[in-house]
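In structure tokens, one chain follows: the form predicted on its own.
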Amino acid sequence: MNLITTHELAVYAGETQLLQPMSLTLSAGERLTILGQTGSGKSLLAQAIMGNLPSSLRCTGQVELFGETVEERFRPALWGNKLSLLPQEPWNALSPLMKVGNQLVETYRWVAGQKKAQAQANAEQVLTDYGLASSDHKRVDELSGGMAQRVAIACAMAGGAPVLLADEPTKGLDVSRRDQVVQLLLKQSDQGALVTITHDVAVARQIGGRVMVMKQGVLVEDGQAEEVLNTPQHPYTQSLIEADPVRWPKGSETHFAEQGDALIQVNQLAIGRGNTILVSDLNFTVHTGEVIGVVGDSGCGKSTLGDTLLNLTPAMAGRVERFSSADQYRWQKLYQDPTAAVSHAVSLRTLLMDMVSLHKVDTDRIEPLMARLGLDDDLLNRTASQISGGELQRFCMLRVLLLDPVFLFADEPTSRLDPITTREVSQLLVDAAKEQGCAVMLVSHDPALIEKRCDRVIQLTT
């Protein structure tokens, strides 16, 4: 029996077609990976199938679930125990007020129908398996991005739905955690069917099964994973695979003697949250024009380091000394979760022009920078809720770079981006550092990206 069948399913914003009519089938035991650039329509397809498109969008066509045609308004009744969606942004999927352990327990109880003792035991075991046993009492805002992602995955799978649509499930995870999540997803396909939305070619290879490649709302290639990923036929698929960071040329080597003046001096620094020290005895100097990679397992304190250097979080010991009198707004951070960094109540154009007015930014700089970031002017007419996570992250980069930062802490800035956009955007950050004398600290779980883009690396270990 086909678990999902779509007939000419399309998505519109007003009269603008965002997703061209698409027909697909997904049978029991099947794995389908949808691969493509950010903003290509991957998430729109999943939301259209689920029946949870934003009110500003509409869909046409037909969706059959478990052999029966189900109208959009009736599909929410299937959520959780028949059809489950792991959304791209875990902070939007989890309650900001509840402890994460309680959220998982309640999912087992009220969605899977388990008794309290069994639900509690299952939640404790899963959190332990996911490396989150010590975080069950925390709220989602107290977790790192990778930790929040793991909690969302656990909740999405707890209801026992035979069909799981996982939207960028490995985003923000280090390699070991990514591989662990992939194995969990593969178990899901053994019990029902799995649709994985990703821009990560490595994840698509691991999952196998069938691969659909999308570009700008259009299906450009479809076939078995081994065939599509090893011998791609469409030029776009070829460019997507070629853009993997392991294939990038290594940038020019940077030597300390050639770097600019010292910008930040860190001595015997200890960082942490609350009363918990995450890392101690940090000693390093950040120079103007330098790109420094920051690596470490999820939850080790990478984001906390950025907040400490920017005076957003107090140091627990030691000293951070700045050697610049630049205005505070030129000490910037690209947040790991762009949805939490901007208002969703007004258009992106309003957010941009408010910043331009406040800081007297030259408006002639906007259009060429948007072009370098791959952003269309029409995008600015939408709100943050109406664009993809990758598009929103690039919009946040636009705002930050227009401020001519002297220091930029870029926290997983490419985790929501496909390889093609990652290559272009990460190069833009390097160019900003070299051309403007901005010091960049770049956080990433991708060792190849760090190797190819950074002058040196700071490894955080707990």
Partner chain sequence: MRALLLKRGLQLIAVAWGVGTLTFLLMRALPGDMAYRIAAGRYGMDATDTTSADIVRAELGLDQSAIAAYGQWFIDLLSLNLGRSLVSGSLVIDELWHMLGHSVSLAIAGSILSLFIAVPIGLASAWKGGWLDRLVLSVSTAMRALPVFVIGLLMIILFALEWQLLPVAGYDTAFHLILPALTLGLSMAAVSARVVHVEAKRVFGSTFYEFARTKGLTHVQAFRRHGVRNIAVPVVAFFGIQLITMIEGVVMIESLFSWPGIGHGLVHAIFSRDIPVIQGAALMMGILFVVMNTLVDIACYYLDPRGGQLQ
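Numbering follows the first chain given and starts at 1. The structure displayed is predicted, hence computed values, not measured ones.
Beyond what is shown, the protein has a form predicted in complex with its partner chain; the following relates to that form.
Of the candidates Asp261, Glu71, Asp141, Asp378, Asp141 is the one whose heavy atoms come within 4.5 Å of its partner chain in the predicted bound form; the others do not. In terms of contact with its partner chain in the predicted bound form, the residue from Val111, Met355, Leu310, Val342 that brings a heavy atom within 4.5 Å is Val111. In short, of 74-82, 188-196, 320-328, 343-351 it is 74-82 that has heavy atoms within 4.5 Å of its partner chain in the predicted bound form.
By the criterion of a heavy atom within 4.5 Å, Asn92 is counted among the residues contacting its partner chain in the predicted bound form. In the predicted bound form, at least one heavy atom of Thr107 sits within 4.5 Å of a heavy atom of its partner chain. Among residues of the shown chain, Leu184 is not one whose heavy atoms approach its partner chain to within 4.5 Å in the predicted bound form. In the predicted bound form, its partner chain stays beyond 4.5 Å of every heavy atom belonging to Cys59. Each of Met50, Pro87 and Gln103 comes within 4.5 Å of its partner chain in the predicted bound form, counting any heavy atom. Residues of 133-168 placing a heavy atom within 4.5 Å of its partner chain in the predicted bound form, in sequence order: Arg139, Asp141, Ala152, Cys155, Ala156.
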